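Shown next as structure tokens: one chain only, the form predicted alone.
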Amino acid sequence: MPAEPLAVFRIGFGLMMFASIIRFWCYGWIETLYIQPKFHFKFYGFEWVKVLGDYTYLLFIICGLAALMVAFGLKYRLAIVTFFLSFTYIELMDKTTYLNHYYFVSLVSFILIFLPANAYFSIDNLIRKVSYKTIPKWATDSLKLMLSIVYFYAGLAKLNSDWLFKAQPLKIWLTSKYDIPIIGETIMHKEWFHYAMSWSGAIYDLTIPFLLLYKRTRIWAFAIVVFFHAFTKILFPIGMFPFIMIIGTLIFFDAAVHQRLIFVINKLIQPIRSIWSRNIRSIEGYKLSKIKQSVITKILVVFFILQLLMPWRYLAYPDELFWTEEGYRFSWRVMLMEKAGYTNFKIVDGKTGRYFYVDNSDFLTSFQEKQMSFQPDFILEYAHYLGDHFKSQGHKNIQVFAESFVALNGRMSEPYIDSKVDLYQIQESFQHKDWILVFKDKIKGL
């Protein structure tokens, strides 16, 4: 198939990622999220990923430059591998900052490692003096599949009783948006609008991949994509995600659209490009050796099987998913719950019974404390950190107990953690956390 769609995707993705790094730096988040905290929450199995102190700035510089090189198609393979590793390392440094779209960026950058995204309209073409007109169809199809998985699974996740029949948590969030011009005071507090947003959000996610794949509905589907993400950007602080998804969905369009986009870009850079591009040979097809093709095919097949199965791992656990969050992450459950909690820790001498309570602000930032207060793996990890900390100060026979209360999607606050369980003796694992108290309500759905 024509190489233009993948080239446009590479340029858009690289520029969006570069802008994201600049935005992160300008807001001072490198300092506040990674350097200032005394303690960082880790993903299970990735405890070895450490914050690099002031060298964290260097990591962001490397990531940003790699993103820019990806956009330009300069030393593309090295650039995309560097971007994938540096961005994913940043993501793994502190679990507190986890967002679905960070995970999405890591997955897309991993896929791009195996795609010939520099085959056309890249600086690598200028250096090698070779450009390819066509690429294998699977190269763009793999990106379409990844985007479709994100949308469709996000839609499936919305098929639950809280979202559809209680309009939660949108009812909580939209009511607070009264300050938005024009619509804030007129419809944001209306119950019918909350339900309309909930149902339309579910229908949008479930249908948009198919509407984009079908040529007759594609242009209208893209208009809906732009409107949907622009509107959610106005309503919610979700960073660069709307722009990433809008640019990403261009991959569904035919080559003619991308050819026009490249024509515009080419006009803008023509004074520079004309110096280099006089002797570029244009070759009909980009081809891989049979061995490379076989290896890449196997890697991508395994990758997509994992992506299709990962969101269903929650079925291996009992109790309510939104309450325990066992299997919640990495499953495209986007903005499905409003959860708030208060968790206090009691340090006890197991022999004497003497105890004292911890002031969480002595160890955590306000953002970390907020995230810790209602997520069980955070609570367990922090309990171990406290136990180790006070043990290093000479305390003996340490036991760590949590007194926790959590409210979910507008419900009354309930006790969350069994306050009689010594969390310092519990080790993190993939097993069910039976020290989470049973949810007193029922949320029906997928």
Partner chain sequence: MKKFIILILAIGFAVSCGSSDDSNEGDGYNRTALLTNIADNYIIPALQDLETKLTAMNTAKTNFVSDKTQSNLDALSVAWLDAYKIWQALEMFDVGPGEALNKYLYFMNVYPTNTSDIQAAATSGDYDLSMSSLHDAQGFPAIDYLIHSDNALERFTTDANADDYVAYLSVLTERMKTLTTQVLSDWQGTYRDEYVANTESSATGALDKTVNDFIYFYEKGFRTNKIGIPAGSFSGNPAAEKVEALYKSDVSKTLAIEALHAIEDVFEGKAYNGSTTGESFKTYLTFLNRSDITSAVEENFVKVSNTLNGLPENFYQQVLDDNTVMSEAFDAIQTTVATFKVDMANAMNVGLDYQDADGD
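This structure is a prediction, so every number in the text was calculated from the model and none was measured. Positions refer to the first chain, counted from 1.
Below, we refer to the form predicted together with its partner chain, which is not included among the displayed structures.
Might Val334 be said to contact its partner chain in the model of the complex, defining contact as any heavy atom within 4.5 Å? Yes, Val334 lies within 4.5 Å of its partner chain in the model of the complex.
Contact with its partner chain in the model of the complex for Glu284, defined as at least one heavy atom pair within 4.5 Å: yes or no? Answer no; every heavy atom of Glu284 is more than 4.5 Å from its partner chain in the model of the complex.
Interface membership of Gly73, its partner chain in the model of the complex, 4.5 Å heavy atom rule: Contact check for Gly73: no, nothing within 4.5 Å of its partner chain in the model of the complex.
At 4.5 Å between heavy atoms, is Phe60 in contact with its partner chain in the model of the complex? Contact check for Phe60: no, nothing within 4.5 Å of its partner chain in the model of the complex.
Quick one: which of 359-367, 128-136, 310-318, 284-292 gets within 4.5 Å of its partner chain in the model of the complex, going by heavy atoms? Looking at the other structure, the answer is 359-367.
Residues Ile172, His189 and Trp199 are flagged as a possible site; in the model of the complex, is every one of them within 4.5 Å of its partner chain by some non-hydrogen atom? All three within 4.5 Å in the model of the complex.
Scan His229, Lys144, His101, Arg77 and let me know which has any heavy atom within 4.5 Å of its partner chain in the model of the complex. That would be His101.
By the heavy atom within 4.5 Å rule, which residue out of Tyr89, Tyr195, Phe322, Phe152 makes contact with its partner chain in the model of the complex? Partner contact (heavy atom, 4.5 Å) among the options: Tyr195.
Could you run down 327-361 and flag each residue that has a heavy atom within 4.5 Å of its partner chain in the model of the complex? Sequence-ordered list: Val334, Met335, Glu338, Ala340, Gly341, Tyr342, Asn344, Arg354, Tyr355, Phe356, Tyr357, Val358, Asp359.
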